[in-house]
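This document opens with one chain alone, in structure tokens, the form predicted on its own.
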């Protein structure tokens, strides 16, 4: 099969506009996942079983169900209960919620890697709990888990095509629309794959940089 380069150049700007939406969804979803993951891990560490047990149940439920089903539920079912979000907002929320359950475990591992003596030293110095977390625990924990966070960022980026199923015109959605009108699927999907690769390679390099930082401070 021969590539129609003229058509490929014509459709490229459409795909690049979709790529901007893909990046918005990835960045927004990752920002939400980082925040929710921290909230979840704090709740998990609570000594109150009425807080930690329900939190664990929520995490297991979200991790145990496919992201696609969660997208459909948020976009198609919640409006029946009067809760409506626009498509991109729904996609960002679904990505953030789904990946926050995994990031919570990453945070937990990082927090547990902080030596117990650090906690005891903060108590001896009369640090408040907030200062202990902000100035002692989290800076050390984050350095430890940076490579894993980078891996989840790349994974989330590659899952954004699922948002096309809820009418988000990201890169795959834009490509499907263009291909449906021209029937030139080969060029469209080849370009989509190349764009994803071009955007994933720098992210992979960033992960390797995080790993180098982690080894430096290990």
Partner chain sequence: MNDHRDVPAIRFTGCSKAFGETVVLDDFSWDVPVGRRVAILGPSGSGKTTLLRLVMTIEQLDEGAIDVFGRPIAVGRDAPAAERLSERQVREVRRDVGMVFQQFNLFPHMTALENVIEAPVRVLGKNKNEAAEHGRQILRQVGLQGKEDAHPRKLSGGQQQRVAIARALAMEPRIMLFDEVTSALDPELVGEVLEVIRDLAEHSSMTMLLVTHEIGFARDVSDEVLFMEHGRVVESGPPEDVLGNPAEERTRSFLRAVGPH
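Numbering follows the first chain given and starts at 1. Nothing here was measured: the structure is a model prediction, and the numbers come from that model.
Below, we turn to the form predicted in complex with its partner chain, even though it does not appear here.
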Quick one: which of 95-103, 72-80, 144-152, 122-130 gets within 4.5 Å of its partner chain in the predicted complex, going by heavy atoms?
-> 122-130
Residue 136 within 4.5 Å of its partner chain in the predicted complex, heavy atoms = yes
Report whether the minimum heavy atom distance between residue 116 and its partner chain in the predicted complex is within 4.5 Å.
-> yes
